[in-house]
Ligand code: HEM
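One chain is shown next in structure tokens, namely the form predicted on its own.
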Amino acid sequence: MTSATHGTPAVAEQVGTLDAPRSPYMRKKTTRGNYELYSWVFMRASGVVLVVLVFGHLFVNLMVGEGVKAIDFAFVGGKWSSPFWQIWDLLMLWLAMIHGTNGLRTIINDYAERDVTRGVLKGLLYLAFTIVVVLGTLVIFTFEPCPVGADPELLASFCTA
């Protein structure tokens, strides 16, 4: 429908496509979630927790007692005989792996140009994450500080009793 005198579209057609000048801003609904937002928040929170866990780990292992000279099988055996240190090291392992995997995922998404390359790299990343976390968790919880038939010189002091 055009105006008879000017050959321009009628006002009625234009009104349907333009918002009123004083209408409030309406955000368009998207179906995406807030995964990247939660990922960003997780990176900040896990970074703070990791700093505490890592410096606590370094302090106990290097400063308390005889220092780095004392770290051997018996030291690890004595430390991991306590559920407290098992949970501490497990938290450190899991948070570090999730934090690092999330960071690499972001780098892959930013720099891998082709979808196939991005998919392969992320698949390898998730495979490596799974292997390290499963094996690390198994080592922490199945570690035997007093193995049968081991040299008594190498065992923790509580094993000889």
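Everything numeric here is computed off the predicted structure, so don't read it as measured data. All residue numbers are counted from 1 along the displayed sequence.
Same protein, other form: the form predicted in complex with the ligand, not shown, and the subject of what follows.
(message) Only one of G119, G103, G65, G136 gets a heavy atom within 4.5 Å of the ligand in the model of the complex. Which one?
(response) Answer to the contact question: G103.
(request) Name the single residue among L124, V51, I131, L37 that comes within 4.5 Å of the ligand in the model of the complex, judging by heavy atoms. (result) When the ligand is considered in the model of the complex, the option within 4.5 Å is V51.
(request) Classify R44 as contacting or not contacting the ligand in the model of the complex by the rule of any non-hydrogen atom within 4.5 angstroms, answering yes or no. (result) Contact with the ligand, yes.
(message) Residue-level contact is defined here as any heavy atom of the residue lying within 4.5 Å of the ligand in the model of the complex; does H57 satisfy this criterion?
(response) Output for H57 is no: heavy atoms all beyond 4.5 Å of the ligand.
(request) Would you please decide whether A112 lies within 4.5 angstroms of the ligand in the model of the complex, comparing each non-hydrogen atom pair? (result) Contact with the ligand, no.
(request) Answer yes if any heavy atom of A70 is within 4.5 Å of a heavy atom of the ligand in the model of the complex; otherwise answer no. (result) A70 lies outside the contact set for the ligand.
(request) Could you tell me if all three of V76, K79 and L90 have a heavy atom no more than 4.5 Å from the ligand in the model of the complex? (result) Contact check failed for every one of V76, K79 and L90.
(request) Could you list the residues in 63-97 that come within 4.5 Å of the ligand in the model of the complex, counting only heavy atoms and keeping sequence order? (result) Contacting residue: only A96.
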